[in-house]
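Coming up is one lone chain in structure tokens, specifically the form predicted on its own.
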């Protein structure tokens, strides 16, 4: 399971002041804790700083990688900010995200090709989020065809099935699970999602997130943008990987147990 640590995001109340003051120690500590907890990528997002986003995003990349050496998920829809971040990034970044919308696609995909990044593609076109799994997969097929024609290897594409809150529609989780199943079985591609969106507006959010993660992994989810500091969620990932035969001889599960990572 590829884990993207979600916590360095300017929309979070604790993060915005740290970015405003360029609190390097705070960002370093948060990046280190996420990687230590199991994140393979560290998400960096400065989207609330519209004018300063390129400068802050590139600063974040340098601070996070200077502390951890881990690759970053560059979370932005602004091509200028993405380019600034990629210019200082070491190794292969992930860019989150691209859609079929021409202006966004044409601004971001050439950067992805130039820098050899992994890319998150949203299962939607310019008309908004499709209501059904079949419609989302149809949009995903068109997006993947266009990306591969423009030089992005299919193995570097992660499709986002578009998690929406249960609070706005109790069928929203089922549509995502169906989309993941179709993408992984019929297209043979990887899915990634921002897991915590599903619980927005509900109490006991961590409970919803954890249950949804297990269901999504059963449907075929191979990557997730999550809070890796949620020990129970990370333990469920280890257990689910073993149950789904993604962990040969349960080696990762046993290693996590020996490190004390599976305790509540």
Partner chain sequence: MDRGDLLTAMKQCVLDGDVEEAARLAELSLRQGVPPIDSVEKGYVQGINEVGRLFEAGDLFLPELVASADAMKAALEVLKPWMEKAETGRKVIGRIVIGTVKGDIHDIGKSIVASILVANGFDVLDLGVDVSPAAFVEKASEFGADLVGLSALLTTTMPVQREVIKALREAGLRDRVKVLVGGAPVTGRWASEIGADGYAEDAIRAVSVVRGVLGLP
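Residue numbers count along the first chain shown, from 1. Small disclaimer: the values here were computed from a predicted structure and weren't measured.
This next part talks about the form predicted together with its partner chain, which is not shown.
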query: Residue 240: touches its partner chain in the predicted bound form, heavy atom cutoff 4.5 angstroms; finding: no
query: Residue contact check: residue 83 to its partner chain in the predicted bound form, 4.5 Å heavy atom; finding: no
query: Partner contact for residue 54 in the predicted bound form: its partner chain, 4.5 angstroms, heavy atom; finding: no
query: Close approach of residue 48 to its partner chain in the predicted bound form, 4.5 Å, heavy atom; finding: yes
query: In the predicted bound form, segment of 231-239, 33-41, 64-72, 198-206 with a heavy atom within 4.5 Å of its partner chain; finding: 198-206
query: Among the candidates 178, 156, 135, 125, the residue which, in the predicted bound form, approaches its partner chain to within 4.5 Å (heavy atoms); finding: 125
query: Members of 84-111 lying within 4.5 angstroms of its partner chain, judged by heavy atom, in the predicted bound form; finding: 104
